[in-house]
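One chain comes next, on its own, written as structure tokens: the form predicted on its own.
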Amino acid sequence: MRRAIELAMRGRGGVEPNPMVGCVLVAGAKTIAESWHEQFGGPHAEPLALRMAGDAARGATAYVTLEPCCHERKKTPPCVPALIAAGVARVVAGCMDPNPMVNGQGLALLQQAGIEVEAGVLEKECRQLLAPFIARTTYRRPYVTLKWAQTADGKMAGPMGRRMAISNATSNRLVHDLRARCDAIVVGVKTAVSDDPLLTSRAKSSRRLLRVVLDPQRRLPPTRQLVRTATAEDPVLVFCLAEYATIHGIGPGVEIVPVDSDPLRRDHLHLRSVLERLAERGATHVLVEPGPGMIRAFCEANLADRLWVIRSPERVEHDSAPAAPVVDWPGVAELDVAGDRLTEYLNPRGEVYFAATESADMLKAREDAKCKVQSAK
């Protein structure tokens, strides 16, 4: 099952909104085939492994990170009939499928066909692998990663909040790689105005990256790059409070999305409503590049699932520079990135926290940067 989890992670960035799934076929003590779900709309892990094994699959055991699917309302044929037709003797599933169209029915059909089934092997680890899928399926929102860089003395910008380069070129490349695997990138209006970002990815990707600004009172000026580069094919979404939605538009490619206010802070957006709207647009993974205020807002709402914090050896040594919040979540992995230190944290109180395990994104960063990962202290 650990091998199946490792395989499943190879699908990150290609399979969403589907879950990452890995499959290992074993006959006796010998692995006869292994595969993973590689691309949305392509074959699932089980039929790929069965195809590789051929006749050797008869009587074998299939280890799968997720309960095999049995429903027809999707792009690919269900996996349960394929396992039955191949004649496997046993199916071991890491965890049950939270999709209500499956959720136990896949294993039940296998049992009815005379196949031995077992579930719950490395269940917490398999559910953590599925965290983004569970966020969308169960909580109707995308998985949320907050990413920021800070100096050795804990500053997120220069004196008086001036923009400054904190992380190095290698760290920046890893961030662009992460952007390319996500569905939306979110900033607050302060960042959109002061940093004037494009919110694009320089890494190659087949995914469409939604650019999003949280702007409660509609303060984003038409001179910013986000406005000037927005088009009907590549829009920028500006989330604002409903009473500001009728103000004249700021650009033909800028889409104004009104949402409710936070019940406790009437001048702030209701962040869960924002995330629900992004999920409706197909977002599974959302990357938030926040300032200190937005970090606090997402964490207080318990809507941050993961943190990527890049710590630079550089220092600012100025009291007017904005400070990063202190992170009290457990770190799950660290990566030395050419002198910067990338730490991944998971929210232990989050809706989709199941195990303190490194993510597929962190694994890819380690492989791409060819750096050594250590357990976070």
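Just so it is clear, the structure is predicted and the values come from calculations on it, not from any experiment. Start at 1 and count along the sequence shown; that's the residue number.
Just so it is clear, the following notes concern the form predicted together with a small molecule, a form of the same protein that is not shown.
A.B. asks: In the model of the complex, does residue 255 come within 4.5 Å of the small molecule, counting heavy atoms only?
C.D. replies: Close contact is absent here: in the model of the complex, residue 255 is far from the small molecule, nothing within 4.5 Å, heavy atoms only.
A.B. asks: Quick check on residue 99: any heavy atom within 4.5 Å of the small molecule in the model of the complex?
C.D. replies: Although the small molecule is absent here, residue 99 would stay clear of it in the model of the complex, with no heavy atoms inside 4.5 Å.
A.B. asks: Mark residue 191 yes when one of its heavy atoms lies within 4.5 Å of a heavy atom of the small molecule in the model of the complex, and no otherwise.
C.D. replies: Answer yes; at least one heavy atom of residue 191 falls within 4.5 Å of the small molecule in the model of the complex.
A.B. asks: Consider residue 265 of the chain shown here, and say whether it contacts the small molecule in the model of the complex, taking contact as heavy atoms within 4.5 Å.
C.D. replies: The answer is yes: residue 265 has a heavy atom within 4.5 Å of the small molecule.
A.B. asks: Any idea which of 136-144, 214-222, 91-99, 109-117 reaches within 4.5 Å of the small molecule in the model of the complex, heavy atoms considered?
C.D. replies: Only one stretch passes the 4.5 Å heavy-atom test: 214-222.
A.B. asks: Could you work out which of 77, 292, 104, 235 is the residue within 4.5 angstroms of the small molecule in the model of the complex, going by heavy atoms?
C.D. replies: Contact with the small molecule in the model of the complex is made by 292 alone.
A.B. asks: Work out which of 174, 157, 83, 226 lies within 4.5 Å of the small molecule in the model of the complex, going by heavy atoms.
C.D. replies: Exactly one residue meets the criterion: 157.
A.B. asks: Decide if the three candidate residues 269, 297 and 322 all line the small molecule in the model of the complex, where lining means a heavy atom within 4.5 Å.
C.D. replies: Result yes, every residue of the spot touches the small molecule.
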